[in-house]
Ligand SMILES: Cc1cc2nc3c(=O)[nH]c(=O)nc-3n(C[C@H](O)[C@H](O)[C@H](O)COP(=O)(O)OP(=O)(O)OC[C@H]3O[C@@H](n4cnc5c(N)ncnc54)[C@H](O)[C@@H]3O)c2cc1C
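The data below hold one chain only, encoded as structure tokens and taken in the form predicted alone.
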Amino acid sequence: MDANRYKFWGWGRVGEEATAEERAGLKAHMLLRFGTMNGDEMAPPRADEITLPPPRLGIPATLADVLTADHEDRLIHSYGKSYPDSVRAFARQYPHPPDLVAHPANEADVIAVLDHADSVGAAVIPFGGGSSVVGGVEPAVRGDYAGVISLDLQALDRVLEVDTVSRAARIQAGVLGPHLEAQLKPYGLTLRHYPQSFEYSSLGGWIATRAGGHFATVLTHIDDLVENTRVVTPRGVCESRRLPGSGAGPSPDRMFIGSEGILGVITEAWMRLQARPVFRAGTAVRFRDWHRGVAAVRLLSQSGLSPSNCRIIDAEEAAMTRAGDGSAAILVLAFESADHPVEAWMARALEIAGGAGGEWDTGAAPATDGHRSGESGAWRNAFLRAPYYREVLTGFGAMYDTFETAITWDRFDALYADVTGAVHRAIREVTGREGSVSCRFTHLYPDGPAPYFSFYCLPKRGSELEQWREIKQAASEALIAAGGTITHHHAIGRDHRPWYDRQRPELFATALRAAKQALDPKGLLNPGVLIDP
């Protein structure tokens, strides 16, 4: 096995995993929370344990350097990184792998792959970093297709041009977060977009899924950072004009941002950049009452202070991530700037938080490393390491999953009560035991928050997927009924389709189908995502 390859059963590359200390901590938390483990620990799968159906597609000589039917490559491109993906991987279940995996070296190769797929009637699923947690890259497609090709864009990984005057760069879509930032650093610039999946997600994936970054206010979504897009469709190449803004009709970029690969393959984009910050301040504020903490965060979101981080984490999640002892909600608060000191902004933010009942260590000045130390740092470290914990918890037999939404402030309390209540009931009904449901805010807007829920339980072994579907159904129904969105930044994929169909206006769905027909008349691109071809 190539040690540089992605794991096909978990997060990251072969050899990257939770430490012994992290595994012990997860086990201890399970015992503390549930009083028991959930049977024997399962070992991760090996590639030689899994038999795949033979490829239905051949490789033409003209694409011999681009297409492969390599066994492990097909495994890697079979699933994303969701809980059901993890369960199926540990169960050695890979019934619908891609027939072939394409590794284009340039845009011409992308065009050649789409032309070949068109000629043989194969579906094509764009693949960036493979970090989807909603079934967005899964090749289990319905329809009369000759086969499925997973189109991996990671070789398109260069920053092609930097405009330091306008602070923008032309960047290939397959570049992963760390390599993108490394190429911008010599210019003193940054994209400043850091999703939790940053290490293993791509620029094109961020654009295609309308990803949210780590920063809590102002430029929260990738939408705000896109200056232009270049997209290869089955009907040709579509490139928008590079502009800081335009009132010339509906935006071409907005049609492709969030299209999840159904309209075309994003190969390049001009992205708006920022100067790298040099001034930072951060601290943690404790609230004994969750709802008073929520009220404080609303005031901060409407203050015009624009903190870079302003996440309130409820007591349950604070305990699980060791950001607190479980007695209080924790507000992770930070400011940063490339232009000016930020202590005055922090001082005013703490006045607001204190007025709402917040408490913090008044004997220490806010940390100048932003949110990398203390309670904030403990949560940040757990947040960044969490993707590596999925395979550990799956091996332990635990179910851990998340879902997120956005809602206006006036409706948040009702949504919070309805959603947490529905998930608790569903966990009890399907597993026969109590579970854990926690909440934090990932992003803030003056008119509402983006709540991010996590649930944690011990399912009955052998029917984990069925139990997960029932809990997911309960959570999603509660979100939609309360007026929230089915996703704030995790995309639709295949898992969210039933609720997305109810959320979107039907006339918009008709218009989207018309765009699909115009750009991809045979319905080859990511069938089943957003609409049925």
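What you see is a predicted model; the values in this text were computed from it and never measured. Counting begins at 1, following the sequence as shown.
Below, we turn to the form predicted together with the ligand, even though it does not appear here.
In the predicted bound form, no residue of the candidate spot (L415, F441 and P451) has a heavy atom lying within 4.5 Å of the ligand.
With the partner removed from view, the residue among T233, Q196, Q274, N228 that has a non-hydrogen atom within 4.5 Å of the ligand in the predicted bound form turns out to be Q196. The partner is absent here; in the predicted bound form, the one residue of P97, P459, G212, G358 having a heavy atom within 4.5 Å of the ligand is G212. Taking the partner from elsewhere, G397 is found to have every heavy atom lying beyond 4.5 Å of the ligand in the predicted bound form. Shown alone here, M320 lies farther than 4.5 Å from the ligand in the predicted bound form, counting heavy atoms only. The ligand in the predicted bound form comes within 4.5 Å of a heavy atom belonging to P126. Looking at S131, you'd find a heavy atom of it within 4.5 angstroms of the ligand in the predicted bound form. Look at 326-334, 256-264, 285-293, 301-309: in the predicted bound form, residues with non-hydrogen atoms within 4.5 angstroms of the ligand sit in 256-264.
Of all the residues from 495-513, none has a non-hydrogen atom no more than 4.5 Å from the ligand in the predicted bound form.
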